[in-house]
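The data below hold one chain only, encoded as structure tokens and taken in the form predicted on its own.
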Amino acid sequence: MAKANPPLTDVLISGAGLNGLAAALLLAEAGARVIVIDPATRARLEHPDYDWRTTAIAQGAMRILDRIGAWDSEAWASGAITDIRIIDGNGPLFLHYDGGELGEGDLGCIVPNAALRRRMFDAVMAAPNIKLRFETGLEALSLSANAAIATLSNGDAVRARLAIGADGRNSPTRKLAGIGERSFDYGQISIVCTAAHAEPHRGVAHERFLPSGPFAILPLPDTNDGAASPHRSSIVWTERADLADRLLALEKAEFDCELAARFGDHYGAVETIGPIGSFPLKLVAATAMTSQRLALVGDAARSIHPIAGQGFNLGLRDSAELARRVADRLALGLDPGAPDVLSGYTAARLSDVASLVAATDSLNRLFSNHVPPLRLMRMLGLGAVQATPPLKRLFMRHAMGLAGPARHLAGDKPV
């Protein structure tokens, strides 16, 4: 049975995924006492098969992760994105982002989720002001002017000055807090797999827009595990739901032929290795990012289309902004969960979130069709940006998380 008046902590975070662990590290850096809960076991969360997907980390996010001890530049160097090539189908015009043009380091990096989570776990376990509680779910949540009180699945209770939902698109925290959501089903499925190829990727990421959705080839760190080819890329392949179901039902050899037809001849012979996963694509947005004593971060606040690979980067900026405001309060001995902290957090994130949600949604709608006038407009647009260096550099800085509302969160420290 839960204690009638459990001890008060500064922050309770529901969810020990990438967003939850990053939020914990950022808030601990801000001086907060943090408790993180998750219903899974530690062994399950740390097992490579639990989440074999990859995450695109923009340069700005790399700087934030490096600051909190969650970045391994040496281990992940061969997964760095040095160039991005964007093309509309097989059209003659393209857009090329060259990271060397800005002098700000790599455009980003592709990191296996399991490796990033292990690094974050190590940093969390080394932080004296973070407590990580596995096999502990959130059963009930009471939000009042004085505190957030969480009832846990083991019968315990946690009382915190600030609660954070970092528990994904179907966030239990959001639902228990009574925050609604708006959603839109794209009618698309994201097929995710790893491709081994004969030639090295040399740090180039490819984004090809096909009528059914974007097809991304993202450079992974090379391996030295004795595999036939150490050269690998992560594939994020968007298809119409009906066609995706048929593709996923194919035998490996047939599926690899379909992959090769879209992959092109960039790196020689190509084949899938490891598991092939699929995820239905929906735009889901909470009707509010905060409630009394509560803030949502990452996918719990909104889940966007993967077309630009910006989901985790957006969530990390949520946590960085919230931690910045909490740090200011704690430094003055004030309440980190006060109403003005939460309203300020919402206001500060509004522009960044709204612009990226609109951009990813609009890009997917614009490129996922056969309409000739739109295709002509798309090709001319890509060509115009390619031929206008100042505009292209601005777009690159936005993609790297070094422009607009995100700029101050990344800081000036290079990785």
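Under this definition, the rigid core comprises the largest set of C-alpha atoms superposing within 1.5 Å between the forms. In this text, all values refer to a predicted model and were calculated from it rather than measured experimentally. Numbers for residues come from their place in the sequence shown, where the first is 1.
The same protein also exists as the form predicted together with a small molecule; that form is not shown, yet it is the one meant from here on.
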In the predicted bound form, the residue from 329, 206, 201, 117 with a non-hydrogen atom within 4.5 Å of the small molecule is 117
Only hit among 221, 99, 309, 337 for heavy atom within 4.5 Å of the small molecule in the predicted bound form is 309
For this session: Look up in the predicted bound form whether residue 106 has a non-hydrogen atom within 4.5 angstroms of the small molecule, and give yes or no.
Result: no
* Applying a 4.5 Å heavy atom distance criterion, does residue 187 contact the small molecule in the predicted bound form? -> no
Wondering, does residue 18 line up within 4.5 Å of the small molecule in the predicted bound form on heavy atoms? yes
| query | Would residue 299 show up as a contact with the small molecule in the predicted bound form if we use heavy atoms at 4.5 Å? | reply | yes
**Asked** Is it true that 10, 35 and 149 each have at least one non-hydrogen atom within 4.5 Å of the small molecule in the predicted bound form?
**Response** no
Answer among 343-351, 23-31, 62-70, 36-44 for heavy atoms within 4.5 Å of the small molecule in the predicted bound form: the stretch 36-44
**Report entry** Displaced residue check between this form and the one not shown: residue 40, CA, 2 Å or over, core reference
**Finding:** no
Per the comparison in the predicted bound form, the residue 48 and residue 133 C-alpha atoms (change 3 Å or more) are positioned closer
